[in-house]
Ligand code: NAD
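Only one chain comes next, encoded as structure tokens, the form predicted alone.
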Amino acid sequence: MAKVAFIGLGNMGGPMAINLVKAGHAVTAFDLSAAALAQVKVEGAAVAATAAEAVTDAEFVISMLPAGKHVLGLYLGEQGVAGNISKDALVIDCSTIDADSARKVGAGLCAQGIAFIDAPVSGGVGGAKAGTLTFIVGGEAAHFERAKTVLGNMGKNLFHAGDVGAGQVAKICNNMLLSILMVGTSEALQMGVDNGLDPKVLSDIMLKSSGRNWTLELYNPCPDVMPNVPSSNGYQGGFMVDLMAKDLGLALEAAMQSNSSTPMGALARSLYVAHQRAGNGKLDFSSIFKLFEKKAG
């Protein structure tokens, strides 16, 4: 088993670190939240007072942070930890950030003789807890193979997308498509309801027809159609609107850089930002269904 430093113990990072502990790895964790540290400590992880202390002598350094600026600061900032990381270590950033930031971190660490891959995840909090995440990796093939030692204990699907930064590009392409599917499914279901259809019956019809998609099959946005999904729990849990809006922003930034045409992605982002600004940012992204409901009065 490996010696692992884990930095960033939020809704995703905490369960991921715990799964590494359960797999027998020696995990030293760091987070700015004392409560988050206490939670992983109870599960058997060691806790560090600083990020620099956490990464010292680690074979794998894993980070799960909110944005590119945090990842850049952690590794390459004035108080960055690059100087404390062993030259034999592999750095794995699982944050969802812009590809340019991932490439900058990779290049900066490489210049210091430290291996790096970007490995954003798909699967949400449920997948993080269950250890069934999908990891989308950018970096050298040899580093990808080495990373399987720990990634396989946190996820069940591991993909090598290409060079450093490719993981981020593939992740935002996936999430852009997911947002479009969720918006389209929501407006179709609501149109059916507005015309007197039972949303469960309509969902069953579309699941057996050409409109079938992931949101209908596993994540229906209409309340009480499907059990054990956020829409049937007041849109609590799952993947927040705030995060979807962030990822769609990253997707449009990437599209501008590559001169890609993404009109559906742009529309989905405008709808999610409007939904976010209406005070729904902490709800699951399937709550976009509420945007299409007829308002009383």
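What you see is a predicted model; the values in this text were computed from it and never measured. Heads up: residue numbers just count along the shown sequence, starting at 1.
Below, we refer to the form predicted together with the named molecule, which is not included among the displayed structures.
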| query | finding |
| --- | --- |
| Site test, Met12, Val121 and Gly124 vs the named molecule in the predicted complex, non-hydrogen atom cutoff 4.5 Å | yes |
| Contact flag, His70 vs the named molecule in the predicted complex, heavy atom cut 4.5 Å | yes |
| In the predicted complex, Leu65 touching the named molecule (heavy atom, 4.5 Å) | yes |
| 4.5 Å heavy atom contact, Lys246 and the named molecule in the predicted complex | yes |
| 4.5 Å heavy atom contact, Phe239 to the named molecule in the predicted complex | yes |
| Contact stretch among 210-218, 195-203, 136-144, 95-103 - heavy atom within 4.5 Å of the named molecule in the predicted complex | 95-103 |
| Proximity to the named molecule in the predicted complex, single hit among Ala255, Leu271, Val47, Ala36 (heavy atom within 4.5 Å) | Ala36 |
| Contacts with the named molecule in the predicted complex, stretch 259-281 (heavy atom within 4.5 Å) | none |
